[in-house]
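Listed next as structure tokens is one chain, alone, in the form predicted alone.
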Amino acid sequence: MRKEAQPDFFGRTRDELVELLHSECGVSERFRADQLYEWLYARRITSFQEMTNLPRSLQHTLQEKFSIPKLEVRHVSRSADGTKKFLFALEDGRSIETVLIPSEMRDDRSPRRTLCVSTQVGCPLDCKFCATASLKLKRNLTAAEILLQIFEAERITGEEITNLVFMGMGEPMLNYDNLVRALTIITDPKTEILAKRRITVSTSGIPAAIRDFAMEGLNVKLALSLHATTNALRTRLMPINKKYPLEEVLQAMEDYYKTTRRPVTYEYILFKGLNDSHEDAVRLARIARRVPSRVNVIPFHPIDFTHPKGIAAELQPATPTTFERFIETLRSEGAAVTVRSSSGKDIEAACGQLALSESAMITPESITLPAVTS
């Protein structure tokens, strides 16, 4: 994994805790790092005094040198369908949104509780269908801030997260080191947070990062935010395609499968009159057949509340008839297909709608947090 400075104590991997205890506390016994690791991520203790199997002198040293960060929940929005959207305040005063979805697929009958986490404050990619683009990029989240979204969502609701998707605010591959650091902790059997098969990372397509990610050994699921089968249209919808054309991105996705043997997912939002034709479906199925994969067809959720301009203001959902016909064509052409639900649409928590509610601009003291029940 590529190294970078990591100021936080919380959010470090097991090996990083070993190095930290040795360099900052003069403790060379690895089992002490193992104890810390368990307290932080398996037991989720929030103070050093509660780490009862550590010597008092070490507890005191840790207390002096480090702090365990936290997210402050500023607002919880509840959808009629059971979706919950959390507005979290970070320690520097910035905000992010995280969404807990009862079931992310229209045809999903299993009792899932999927948490959609963010990796950046805002996003630099300017995808025309995504509300987060209106915020621009403020900064990357730390590994601690990524992990705490999971811990806080479970604490607030009393519900255990069964699936995790990195599809919230930001482009995960542009926060590569903290993404990998967080996933290393999440997928460690010692933490019992989540199994690899229950985690999906979504990317707009950065070939070098995708190939690096395949070599990390994490073997989580990877999804490509595709949305077009030609370079001309994809560049209009997703400017990053100008830098990383479709052919390069698709080859990187296929390389990911060849390295990890994990089937990949292609995410495809249907826009009326733009990418919803029979020819589009045939080309998409052809892409999906190149390696074991699944196409996740997603309804477009309007982002009028961000006051979009240009092509973003012209986007409309495909008609129900066209939507169903598109799916039928994909399946007849040999593609495996799932359909994303519109969970949380009534609270601006559906796919592409995360842009921070107005309460992000209100001071925490002025908010009365509603009671949250599981």
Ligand code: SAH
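Note that residue numbering begins at 1 and tracks the sequence as displayed. Everything numeric in this text was worked out from a predicted model, so none of it was measured.
Keep in mind that the form predicted in complex with S-adenosyl-L-homocysteine is missing from the display, and what follows is about it.
K.L.:
Ok, Met253, Ile101, Met167, Leu183: which has a heavy atom sitting within 4.5 Å of S-adenosyl-L-homocysteine in the predicted complex?
P.N.:
Comparing distances to S-adenosyl-L-homocysteine in the predicted complex, the residue within 4.5 Å is Met167.
K.L.:
Identify, from the list Phe129, Phe213, Phe151, Phe86, the residue with a heavy atom within 4.5 Å of S-adenosyl-L-homocysteine in the predicted complex.
P.N.:
Going through each option in turn, the one that passes is Phe129.
K.L.:
Are any of the heavy atoms in Pro299 no more than 4.5 Å from a heavy atom of S-adenosyl-L-homocysteine in the predicted complex?
P.N.:
Flag for Pro299 set to yes.
K.L.:
Verify the contact flag for Glu97: yes if a non-hydrogen atom of it lies within 4.5 Å of a non-hydrogen atom of S-adenosyl-L-homocysteine in the predicted complex, no if not.
P.N.:
Looking in the predicted complex, residue contacts with S-adenosyl-L-homocysteine do not include Glu97, since no heavy atom lies within 4.5 Å.
K.L.:
Examine Arg32 and determine whether its closest non-hydrogen atom to S-adenosyl-L-homocysteine in the predicted complex is within 4.5 angstroms.
P.N.:
No, Arg32 stays farther than 4.5 Å from S-adenosyl-L-homocysteine in the predicted complex.
K.L.:
Within a 4.5 Å heavy atom cut-off, is Glu145 in contact with S-adenosyl-L-homocysteine in the predicted complex?
P.N.:
Glu145: no, not in contact with S-adenosyl-L-homocysteine in the predicted complex.
K.L.:
Using heavy atoms only and a 4.5 Å cut-off, decide whether all three of Thr229, Arg283 and Glu333 touch S-adenosyl-L-homocysteine in the predicted complex.
P.N.:
No, the whole trio is out of contact, none within 4.5 Å by any heavy atom.
K.L.:
In terms of non-hydrogen atoms within 4.5 angstroms, which of the given stretches 274-282, 195-203, 73-81, 134-142 touches S-adenosyl-L-homocysteine in the predicted complex?
P.N.:
Stretch with heavy atoms near the partner: 195-203.
K.L.:
Go through 255-292 residue by residue and record those having a heavy atom within 4.5 Å of S-adenosyl-L-homocysteine in the predicted complex; state none if no residue qualifies.
P.N.:
If the 4.5 Å heavy-atom criterion is applied to S-adenosyl-L-homocysteine in the predicted complex, 255-292 yields Glu267, Ile269.
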